[in-house]
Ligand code: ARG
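Below sits a lone chain in C-alpha cells, taken as the form predicted on its own.
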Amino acid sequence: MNKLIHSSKELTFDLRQTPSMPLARQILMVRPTFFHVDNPINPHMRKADGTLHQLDKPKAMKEWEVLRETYVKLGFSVHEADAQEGLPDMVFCANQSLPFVSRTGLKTAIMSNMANDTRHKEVPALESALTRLGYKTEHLPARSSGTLFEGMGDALWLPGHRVLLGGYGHRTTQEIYGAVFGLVDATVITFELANPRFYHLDTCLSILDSQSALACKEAFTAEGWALVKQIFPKLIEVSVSEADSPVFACNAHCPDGRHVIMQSGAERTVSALKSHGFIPIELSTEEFVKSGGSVFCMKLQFF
C-alpha cells in the first residue's frame, strides 16, 4: 500500500518490496545560451566578500557540451529544449517538472510551482518540450506560498521503484506533497532540509541505485538523516567540505546505476565511490557551480 511518510517511525516496511517503475533512459538538457549570474537567488551565487561571481560564458558553453557528450557516450538519448532569453537559470532543467510513468504505462509529468518568479516562467517552456516528447502534464494547486514545488530539484525517484523521496523547507513546501502523492500513486517519503546552502534535495542527496547514495548529514534534520540511513543500507556520507560549493559532490548524477558523473575535486568521495564499485566520471561544471548547480541540476532524466 502506498504511503505518505514524514517520519522514520513510519518507515516500517521494506521499500524494495514496493511496486516497480521503469528505469529512465533519456536525458533532456537546455543549452546555456542565456545563462548568467546576475540575479542572486541562492547563497552560492556570491563570493565570500558578497560580490557576485563573474561568469566565463565560452567556458560555460564548453562545460555544457562536455556534459552532453558524456551522456551520449554512456548510451543515453539526449534531447534539447529551446533556451529562452530572459530566463538565465533555465539551463538547470531538473527543477521545472517531475516525470514518471503511471501504473497504466502513461508517461506523465507534474509541472512545478517555482519559488522564484523569474524561474517560474521557465515552466511553460519545459512543459511544451515534455508534451512534444509524448508526456501528459499535470498541474498542482495554484502557486502560492504553501504550494511550492521544484520538481526533480527536490523530488527524487528510487530507481526502479514507485518510491519518491521529497525534500522541503527552502524551495518546496511540505504541504504540497499531499497533492504530489495524489498524482504519482506511489510511496512518498519527505525530508526537511535544515541548511540553506543545501536548498534542494539534489544538492545533498545523490541516489546511485536502489540501495546506495551519496549524502551530506549536515544538510538534514536528525529525523531526516535517520530516514536516509534507513532507506540506503549502502550510504556514502559526504563531508560538508566536498558537498558544499565549489565541489558540490552530492549534485552528482548516476544515470545507470554504475557511472557517477560529477564535478571534479571531491577526492574522498571519488575514493569512496570506487571502493563501492562505482565508476566516477569527473568533469568541470565550475561556471554552473557559480550559480548554485552542477551535473544533476543541468539535466532532466526521463522515461
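Not measured: the values here are computed from a predicted model. Residue indices: 1-based, along the sequence shown.
Another form, the form predicted together with the ligand, is not on view; read the next lines as being about it.
Remark: none of the three candidate residues (R25, S97 and W157) comes within 4.5 Å of the ligand in the predicted complex, counting heavy atoms only. Checked against the ligand in the predicted complex, the residues V240, M61, M45, A272 give one hit for a heavy atom within 4.5 Å, which is M45.
Figure note: of the listed segments 157-165, 89-97, 182-190, 207-215, the one touching the ligand in the predicted complex, with heavy atoms no more than 4.5 Å away, is 89-97. G292 belongs to the set of residues with a heavy atom inside 4.5 Å of the ligand in the predicted complex. Residue contact check for R197: none of its heavy atoms lie within 4.5 Å of the ligand in the predicted complex. With a 4.5 Å cutoff on heavy atoms, G224 does not count as touching the ligand in the predicted complex; it lies far away. Interface membership of R119, defined by any non-hydrogen atom within 4.5 Å of the ligand in the predicted complex, is confirmed. Taking a 4.5 Å heavy atom cutoff to the ligand in the predicted complex, the one contacting residue in 152-166 is G153.
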